[in-house]
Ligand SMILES: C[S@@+](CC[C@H](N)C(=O)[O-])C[C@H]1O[C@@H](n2cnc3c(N)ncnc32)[C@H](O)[C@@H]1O
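So this first bit is one chain, no partners, the form predicted alone, shown in structure tokens.
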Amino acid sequence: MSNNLLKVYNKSTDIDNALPPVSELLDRVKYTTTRYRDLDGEEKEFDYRELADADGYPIPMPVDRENYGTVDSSAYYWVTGHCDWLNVQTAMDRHLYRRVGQPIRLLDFGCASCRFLRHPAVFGGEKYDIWGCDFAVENVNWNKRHFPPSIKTFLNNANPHLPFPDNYFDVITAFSVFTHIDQFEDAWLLELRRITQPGGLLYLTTQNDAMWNCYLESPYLLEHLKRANKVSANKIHVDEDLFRSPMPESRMVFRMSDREVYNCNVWHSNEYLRANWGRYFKIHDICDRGHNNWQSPVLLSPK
């Protein structure tokens, strides 16, 4: 079967040249104290030097982490995953119905090269049964090469199906995944609902109202989104004036390329999330800018 039918994403890789563990990269940073926004919108601070010593796994080269940052910013790449882990723990404490005496089954949907999953693996240990999936075979290969079998990662595709029975997972996370899903959004939401147990938790990040005007704060992100102006399918022109006003539609889709998959940048208003995602889930909270200050986690449980 061809990749076009499978709808997987082919990308570059540098799998043989992984960077050393984060503890060996700290000489490239001036400070090891970092700040993050918690789920209540409060700024928190912690020193990650001692935490970094616990993680002996290598760090991906930028090409193997969706070009997230540079080699010199690799410690910060690690820190963003830990900040998400802190917020996911808070969300579980508040909203997850726990199965006493059993490990928490956790799936990171769209796990890339385990930016997030390495943290429950290192700091959660045997309390977690850890799974990840991605539709880029290079990411899955990287994970299998550099992480132990206890972090179980596999290749999925863009079609809304995952190989698990109903009610299998306690927690499902998805970081910057629904920001790139267009036509199959509802189908993927329903598939994730199917495999989440009653009383389980979904932690899905979005670009919402709180993020819209923030694009004016980041010339880099704005210039990236302006690439949509080169794709004829887009009806709205991207410029600074667009982000000085409220979102013109409750759900915005910007085509970023003519690829079959991984080709769009999607925004959801809080009104849209409550009206549409709320059909399938109980929405516990929408935590503005709780994903490293640039996306907003939506905390949900299956209805």
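Numbers follow the displayed sequence, beginning with 1. Remember, it's a predicted structure, so these values are computed and weren't measured experimentally.
If you look for the form predicted together with this ligand, you will not find it shown, but the lines that follow are about it.
_Can you work out which of Tyr168, Phe135, Phe147, Tyr128 has a heavy atom no more than 4.5 Å from this ligand in the predicted bound form?_
Result of the distance check: Phe135.
*From the list Asp53, Glu271, Glu260, Glu66, which entry has a heavy atom within 4.5 Å of this ligand in the predicted bound form?*
After the contact test, the surviving option is Glu66.
_Even though the partner isn't displayed, in the predicted bound form is Asn139 close enough to this ligand, meaning a heavy atom within 4.5 Å?_
Contact check for Asn139: yes, within 4.5 Å of this ligand in the predicted bound form.
_Non-hydrogen atom contact Lys152 with this ligand in the predicted bound form at 4.5 angstroms_ = No.
*asked:* So, Tyr9 and this ligand: in the predicted bound form, are they within 4.5 Å at any heavy atom pair?
replied: Yes, Tyr9 is a contact residue.
_Distance check, His180 to this ligand in the predicted bound form, heavy atom within 4.5 Å_ = Yes, His180 lies within 4.5 Å of this ligand in the predicted bound form.
*Per-stretch contact check against this ligand in the predicted bound form, the hit in 221 to 229, 88 to 96, 169 to 177, 120 to 128 (non-hydrogen atom, 4.5 angstroms)*: That would be 169 to 177.
*What residues in 101 to 115 sit within 4.5 Å of this ligand in the predicted bound form, counting heavy atoms only?*
In sequence order, Phe109, Gly110, Cys111, Ala112, Arg115 come within 4.5 Å of the partner.
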